[in-house]
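Alright, here's a single protein chain in two forms, structure 1 and structure 2, each given by itself as structure tokens.
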Structure 1
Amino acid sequence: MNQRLFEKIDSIDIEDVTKSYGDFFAIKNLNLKIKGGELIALVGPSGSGKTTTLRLINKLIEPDNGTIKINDIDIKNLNPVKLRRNIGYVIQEIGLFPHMTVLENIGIISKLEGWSSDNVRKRVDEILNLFGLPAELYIKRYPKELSGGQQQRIGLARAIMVNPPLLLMDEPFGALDPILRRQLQEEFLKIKMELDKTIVFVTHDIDEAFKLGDRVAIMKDSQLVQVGEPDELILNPINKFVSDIVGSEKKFKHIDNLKVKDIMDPIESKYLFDSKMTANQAIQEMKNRNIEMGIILNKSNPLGIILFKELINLENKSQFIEEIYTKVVFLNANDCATSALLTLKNSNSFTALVTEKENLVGILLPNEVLLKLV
């Protein structure tokens, strides 16, 4: 294996960086210090310079002015190919090579770095295991044979394959439907601890930023507006733009008056599964419907939820799903939102099913700002 440019990130210092294309500024006087080991989320509307910032760090873009230092080394002097092999990169949607299998996709850089096939295979098994994907089921498949959620996981697996100390992620969950996105975020939060990497994460979803980020940087019009920990941004927004984006005023002023039905998501029929289905059938159906979570109904009574990830790892896939589902919190649509959120927070789960007069009406996936406020 080639030697590393850096084993660990101590700091990334972006100083006075400007990049323009003619009259258009892609980034203007950016000053940002990223600490080693943190996940910093860059948030802002499109065109605010988030992605440009990412691409400056791995030299896909060279700045007109200013310097970027990683561990006090000016990256201007580093070979871009070598630098990028020390940095994992994940993007939204088509990031996988359609002509390569999952194994080839994940292993591409390790192969170029001269790993033996055995070592590649071992590491791929290890990573897929981390994501709860059985390796033998997946490594020979092509990307088009995978669902959106699975493709995104493989993209992430590829980024961490050679264990780079720095990870750049450009809206990695942006193309997924809301419930699946929530699931991948949960999953990512769990493995983030094990990864122990410095991560720069671009998103336009403030909830995602608050959920995943240790610190959040708000950007607008190619400039950095405010950077800080989530609480800091919610409690002390520097201007109206920030307070609008974190929603500290408009959404939560009247939180005491909100009911569960005001903050839940309505149920779509594609999420409903009959309790008499076998695990195998449910897996197939989830693939068809491109979802990774389902709500189990016995006649019209909701029982609980099933997760794709758990079904696929089952020993006995011919069991009925009513024997294996996950229990969740049930809430009434007319419950007070604050107490409902507290119940959820205390039970340490991230989903609740909402009923009204015994009928299933919605699902509650509380967003992070709300959880922080109660």
Structure 2
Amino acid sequence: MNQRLFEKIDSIDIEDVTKSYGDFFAIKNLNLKIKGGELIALVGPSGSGKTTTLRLINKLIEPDNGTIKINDIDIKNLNPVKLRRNIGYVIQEIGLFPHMTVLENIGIISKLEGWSSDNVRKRVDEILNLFGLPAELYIKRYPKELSGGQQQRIGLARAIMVNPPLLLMDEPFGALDPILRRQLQEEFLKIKMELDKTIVFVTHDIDEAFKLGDRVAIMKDSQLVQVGEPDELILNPINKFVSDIVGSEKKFKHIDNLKVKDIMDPIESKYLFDSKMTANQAIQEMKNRNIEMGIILNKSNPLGIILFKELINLENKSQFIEEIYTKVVFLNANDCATSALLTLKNSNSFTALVTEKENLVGILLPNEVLLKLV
């Protein structure tokens, strides 16, 4: 195995960095100190310089002016290939090789590093279990046999395979369905604690940034506008742009006046599954619809939910899903939001279905309630 440039990241210092293409500035006079071990989220509209910042750290492009230092070492003096072998890079498009198994996709970088087959297999098993994908069930599968969310997990698994001290993540959940996206955010929060890495995370979603980030850097027009912890940005926005993007005013809404329908997610038809479907049929439909959760209907009456990861692990996939669904809490759309939160807490359920006049109208996740009420 190749020797590391960095065993851990103590700091990344971006000092007076500018990158332009003709008259267009991709980054202008960027100064940003990233702390070792933190997740810093870069947020801003398209063209604000978020992805360019990642590409500069990764030496995919070189700055026109300024310096980028990792642990006080100017990366200008580092071999780009050696540098990148110390960095995990995760992108929205994932880039799994369709002709390779999960084992081969995750292990490809470690093979280039000279790992033995036994060491590759041991590490892949360890990472798959970290992501809740039992190795014995997934290691021989091909990307086409996985859901979109599972493919995204494999892409992240590949990025951390050789245990790099730095992760660069460019909108990794951006292409996913909103509910699946939130499920992956929750999983990533837990995995982040296990990883103990420095992470630079690009997103256009301020709620995602607040949920995952230790600090958040707001960017606009190729420049850094303000950086701070979420509470600091909400309470002390430097200007109207930051105030608008972090939603300072809406964060102080009167929660006692909110109803469940104000904080639920409307139900889309792609989440609905007839109770007479078999598990096999539901698995295929979930792949086609790129979702990992479904709501079971007996005619028009909601019964509960099914989860892709539970269906795919079933021994008997010819069972009807009405025989194996998970019961959930039911709430009325006009219930008080704060009482709904208490109901969910007491039920230990991760999902509630919302009805109005006996019609299914929405879905509500407990952690999302907390996010929307603060």
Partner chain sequence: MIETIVRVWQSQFLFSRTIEHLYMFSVAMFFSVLIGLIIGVIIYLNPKSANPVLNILNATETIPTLALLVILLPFFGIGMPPTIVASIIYSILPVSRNTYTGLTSVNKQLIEISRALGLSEREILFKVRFPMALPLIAGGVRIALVFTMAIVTLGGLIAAGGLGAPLQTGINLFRTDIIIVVGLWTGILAVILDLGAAVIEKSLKMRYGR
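Rigid core here is just the name for the largest C-alpha set that superposes within 1.5 Å across the two forms. All residue numbers here follow the sequence of structure 1, with the first residue given the number 1. For clarity, every value in this text was computed on a predicted model and none was experimentally measured.
Asker: Can you tell which of the two structures I gave is the form predicted on its own?
Answerer: Looking at both, the form predicted on its own is number 2.
Asker: Once everything's superposed on the core, is residue 70 shifted 2 Å or more at the Cα between structure 1 and structure 2?
Answerer: Comparing the forms between structure 1 and structure 2, which are aligned on their rigid core, residue 70 does not shift its C-alpha by 2 Å or more.
Asker: Rigid core aligned, does the Cα position of residue 279 differ by 2 Å or more between structure 1 and structure 2?
Answerer: It does, since the residue 279 C-alpha is displaced 2 Å or more between structure 1 and structure 2 after the core fit.
Asker: Aligning on the rigid core, do we see the C-alpha of residue 356 shift 2 angstroms or more between structure 1 and structure 2?
Answerer: Comparing the forms between structure 1 and structure 2, which are aligned on their rigid core, residue 356 does shift its C-alpha by 2 Å or more.
Asker: State the core-superposed CA shift for residue 330 between structure 1 and structure 2, in Å to one decimal.
Answerer: For residue 330, the alpha-carbon shift amounts to 4.7 Å.
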